[in-house]
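Here's a solo chain for you in structure tokens, the form predicted alone.
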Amino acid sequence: MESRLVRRALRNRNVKVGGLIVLAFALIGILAPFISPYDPTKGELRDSLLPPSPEHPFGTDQLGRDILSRVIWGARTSLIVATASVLLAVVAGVVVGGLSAYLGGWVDELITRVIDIMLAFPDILLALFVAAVVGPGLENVILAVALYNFPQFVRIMRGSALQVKEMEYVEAARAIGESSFNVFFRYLMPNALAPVIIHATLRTAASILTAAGLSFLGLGVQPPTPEWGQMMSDARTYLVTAPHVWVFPGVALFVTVLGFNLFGDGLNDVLNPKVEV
């Protein structure tokens, strides 16, 4: 089964292209301290707004800081925010959604109503509300983006778990006397995770965009920590006079989000048995 899925993945163009972009993004973020040519937080005012050159391939910003270094370190910041927030949302969403489906009754009704209320808010509005309440900063952005993603994962896990709950092997496990703990964690949870994994990839792209949006509005990662949304916000004054200040972080954000979306779409094709690859 695993080898069949690997073959399907290797034949899927979206998985290959998106996977390469995601891998490049991850490696740049992890290796930022080693591949960054300059300190991203230090610059010389006499070198402000220099155009791209051999010394500064992406030019410099209004404070004379090397934009290439800041884009590289911005990938690291986005990697931390996206990975931590999505992981937190997945763990919480899988447990809550799984319990909601498995226990049913008033527990399912209560959880469903709370999630419906959370989903009634536009996604970015929910993130803005949380960020405004807890304040700016890296840790708070992770919390805001995790809460923004949480109801999505609860809903998806609940729907998947309700289907798995009716499978014969789950009924058989109950019939032979398996404990509720074993049935839940050994049979129900692992077999309901496929749509969650696909959605996690897509929500990673949305999380990077949301974190950038919060930073653009001043509610996200704060200076001097490099972050793509913050860099584009700082560059608003120089849209015409020094376009390189916003173009490079904007392109980095666009390519990264595109890569995660392609990879997620490809995974959906690979893991969906109804789709021929």
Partner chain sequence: MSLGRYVLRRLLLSIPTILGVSVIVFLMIHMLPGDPAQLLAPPEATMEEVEIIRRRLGLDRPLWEQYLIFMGRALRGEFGESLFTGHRVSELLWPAYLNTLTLSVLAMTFGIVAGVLMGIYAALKPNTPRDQAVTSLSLMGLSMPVFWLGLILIEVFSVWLRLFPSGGSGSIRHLVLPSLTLGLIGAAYVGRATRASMLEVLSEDYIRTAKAYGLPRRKVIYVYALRNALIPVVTVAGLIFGYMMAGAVLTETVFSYPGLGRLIVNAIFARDYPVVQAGILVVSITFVMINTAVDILYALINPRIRLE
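Numbering follows the first chain given and starts at 1. What you see is a predicted model; the values in this text were computed from it and never measured.
Only in words, not in the display: the form predicted together with its partner chain, which the text now covers.
Novice: 28, 31 and 150: each with a heavy atom within 4.5 Å of its partner chain in the predicted bound form?
Specialist: Verified in the predicted bound form; spot residues all out of contact, no.
Novice: Would you kindly say which of 128, 96, 143, 79 lies with a heavy atom within 4.5 Å of its partner chain in the predicted bound form?
Specialist: None of the other options qualify; the answer is 128.
Novice: Quick check on residue 132: any heavy atom within 4.5 Å of its partner chain in the predicted bound form?
Specialist: Residue-level check for residue 132: yes, a contact with its partner chain.
Novice: Answer with yes or no whether residue 22 is in contact with its partner chain in the predicted bound form, where contact means some heavy atom within 4.5 Å.
Specialist: Taking the distances in the predicted bound form, the answer for residue 22 is no, it never comes within 4.5 Å of its partner chain.
Novice: Even though its partner chain is not shown here, does residue 124 get within 4.5 Å of it in the predicted bound form, heavy atoms only?
Specialist: Yes, residue 124 sits close enough to its partner chain in the predicted bound form that at least one of its heavy atoms falls within 4.5 Å.
Novice: I'd like to check something about residue 212: if you look in the predicted bound form, is any of its heavy atoms closer than or equal to 4.5 Å to a heavy atom of its partner chain?
Specialist: Judged by the heavy-atom cut-off of 4.5 Å, residue 212 is in contact with its partner chain in the predicted bound form.
Novice: Scan 202-232 and note down the residues that get a heavy atom within 4.5 Å of its partner chain in the predicted bound form; none is a fine answer too.
Specialist: In sequence order, 209, 212, 213, 216, 217, 218, 219, 229, 232 come within 4.5 Å of the partner.
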